[in-house]
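Okay, so here's just one chain, in structure tokens, the form predicted alone.
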Amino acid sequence: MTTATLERATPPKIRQTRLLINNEWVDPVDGGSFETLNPATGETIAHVAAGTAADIDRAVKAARRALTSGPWSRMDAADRGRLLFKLADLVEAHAQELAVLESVNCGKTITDSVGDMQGVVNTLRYYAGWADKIEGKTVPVRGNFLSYTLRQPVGVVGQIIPWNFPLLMLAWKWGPALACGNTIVMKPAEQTPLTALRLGELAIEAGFPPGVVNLINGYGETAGAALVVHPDVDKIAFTGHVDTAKIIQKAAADTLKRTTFELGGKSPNVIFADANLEDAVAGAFHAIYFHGGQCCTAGSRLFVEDAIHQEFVERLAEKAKQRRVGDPLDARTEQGPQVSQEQLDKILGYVKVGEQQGATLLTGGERVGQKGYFVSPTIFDNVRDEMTIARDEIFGPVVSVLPFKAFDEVAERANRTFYGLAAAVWTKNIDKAHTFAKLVQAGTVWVNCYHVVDTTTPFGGFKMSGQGRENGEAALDHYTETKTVTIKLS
């Protein structure tokens, strides 16, 4: 896998901006388009085709044909795996190009984008290996019968992905869906469609038959909504904001579509006084400022025990002041821009609210430069649980420090949120770590580490952070139907 160099990366040529339907690049029915921007400059990268309901319908029909009558429907499971392995090889071969395109379109630093490409490759290869291992069972029923189960694809799957990890979230969706034999209609985020379109080209090159993978760029209100309500779509997999998930769930109810949601979080990151202070400061810093805080698992509620509170926040603030914010294509940059003007304004609005409600702004809280959507790393101290900045998912480089005195207190306060995606605890006491991990309501709990996510382990949330799991064997359950076959024996 290519690594980022100290030389500034050169932006790649934009190869594709149209819709992918049935392995053909086509214009939308109504001819619409939208701008996709470079968040580091605010300038237009390209005009991308904007699909609507008519284009969704074309893509769904192509996906249905591929599922029921095309070569995909007759393909051996091992051969599905072979295509996923081939796609992974192509991503690896084009990793530098894809990483630079990701950085240009979503503002992620080139170093982090290169890391994402390794994650894409790992995910595709992991599920390629699963393709011929999705098995049914024989069941010892009463009487003179043979009963067995089959695990078959759910069908045509609609997938809607976010802008913060465009290609990695695509892989998390494509991998299990394709390994199980489903066909896909995907809507990339309107802010960041370019790497998904490039991967569509690579999927064709890998040999996926027509109709298996379809990509419809567009807005949620048009293309996304049409995908959700389409009567011939069997499942919707969505990653994004909880408010959008509520709309999707209501709209999908009329056709009883299966739905899985990976949503947001307001994750508690708990630092006990007996933790290794240097490691905990570095971990808390990474927990909130990775990708400019644009991460659903961001450790945005930082609980610090009173005995070390003052020293901890001083160390954290010093690191924040030294963070290099700037051009994401420069490998020396540590934090790129937020994805859009809308996100920039939202984050700065929360900073004002935090100050108005009495939190102590230690550092940051400002726009960096006048070009692009950059925000300085921000720390609020002496935050109370009821403050807006401690309750809402800001999705930016803003951390709320909440002092605490005792274990029972912080365990209860950590759960004082309707989210439940991730949590972390820093301590040298293994009993304390295990007890906290058991008590906290979160789909992922890290102990003395943060943002450690692997393709092999289930990922998802409690409460309003989602439904279902991505990654690992658990994801396969959401992309298969179980059929029971019973035969009377003579």
Ligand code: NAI
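Position 1 is the first residue in the sequence shown; the rest follow in order. It should be emphasised that the depicted structure is a prediction, and the values quoted were computed from it without experimental measurement.
Absent from the display: the form predicted together with this ligand. The rest refers to it.
For the chain shown alone, D112 is not a contact residue for this ligand in the predicted bound form, no non-hydrogen atom being within 4.5 angstroms.
Within this chain, V156 is remote from the site of this ligand in the predicted bound form, having no heavy atom within 4.5 Å. At the 4.5 Å threshold, heavy atoms of P188 reach this ligand in the predicted bound form. Within this chain, A77 is remote from the site of this ligand in the predicted bound form, having no heavy atom within 4.5 Å. This chain is drawn without this ligand; in the predicted bound form, the residue among Q335, N182, Q343, T260 with a heavy atom within 4.5 Å of it is Q343.
Among the residues R391, H94, H241, R413, the one placing a heavy atom within 4.5 Å of this ligand in the predicted bound form is H241.
Per the 4.5 Å heavy atom criterion, this ligand in the predicted bound form is contacted by stretch 244-252, the sole one of 244-252, 134-142, 80-88, 380-388. Although this ligand is not shown here, in the predicted bound form the stretch 151-168 places heavy atoms of I160, I161, P162, W163, N164 within 4.5 Å of it, in sequence order.
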